[in-house]
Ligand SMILES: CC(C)(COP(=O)(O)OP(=O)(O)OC[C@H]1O[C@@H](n2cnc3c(N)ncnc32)[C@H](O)[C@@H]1OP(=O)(O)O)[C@@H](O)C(=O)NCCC(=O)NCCS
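Shown below, as structure tokens, is a lone chain in the form predicted on its own; questions about how it binds or moves come after it.
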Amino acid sequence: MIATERLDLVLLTPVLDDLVEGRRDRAAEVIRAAIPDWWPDEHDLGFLRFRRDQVARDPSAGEWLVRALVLRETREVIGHAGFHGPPGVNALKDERAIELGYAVFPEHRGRGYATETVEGLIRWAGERGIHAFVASVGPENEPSLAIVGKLGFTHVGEHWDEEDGRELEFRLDIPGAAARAEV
């Protein structure tokens, strides 16, 4: 688990099968958090299947993948976040970099949870020697563009994603990431 000021980022790898197979109650029991009745929706169900298949191919990738954003005060899941895979799995194909991904459920947006999550992920990865971070953001996703801007990411390119369309690529290099991310 990764702890931030208000959130526990709880690894979902142990419950991916449960979530994909509709055993939400069992998953909630294992992660010790309430999961919204509507989640995972069709989009996230496909995403969770993809992550489950990733772990099946490479079990060591599990710690890098998806985590539930659990609001500590209420113990409810308010989103998910993680990395696209272990170092080297990123849009820039940089062996030393790791790509971040995050989603906060609509009713919890605008409260700084995404920024807090990204900072927590950067700190955690920095403690494991990772100091290069990538984020791919749709050009219309103003909240995420604001987050990468606030955290000092630099726009370095763009690519076409088959599922999401055009995405802008951002990079952040932090010598000593673990110390700096404790904002």
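Residue indices: 1-based, along the sequence shown. What you see is a predicted model; the values in this text were computed from it and never measured.
Another form exists, predicted together with this ligand; not displayed. Remarks below refer to it.
- Heavy atoms of every residue among 109, 142 and 150 are located within 4.5 Å of this ligand in the predicted complex.
- Stretch 110-118 is the answer when you ask which of 59-67, 45-53, 110-118, 126-134 has residues with heavy atoms within 4.5 Å of this ligand in the predicted complex.
- Residue contact check for residue 103: one or more of its heavy atoms lie within 4.5 Å of this ligand in the predicted complex.
- Within 4.5 Å of some heavy atom of this ligand in the predicted complex lies at least one heavy atom of residue 146.
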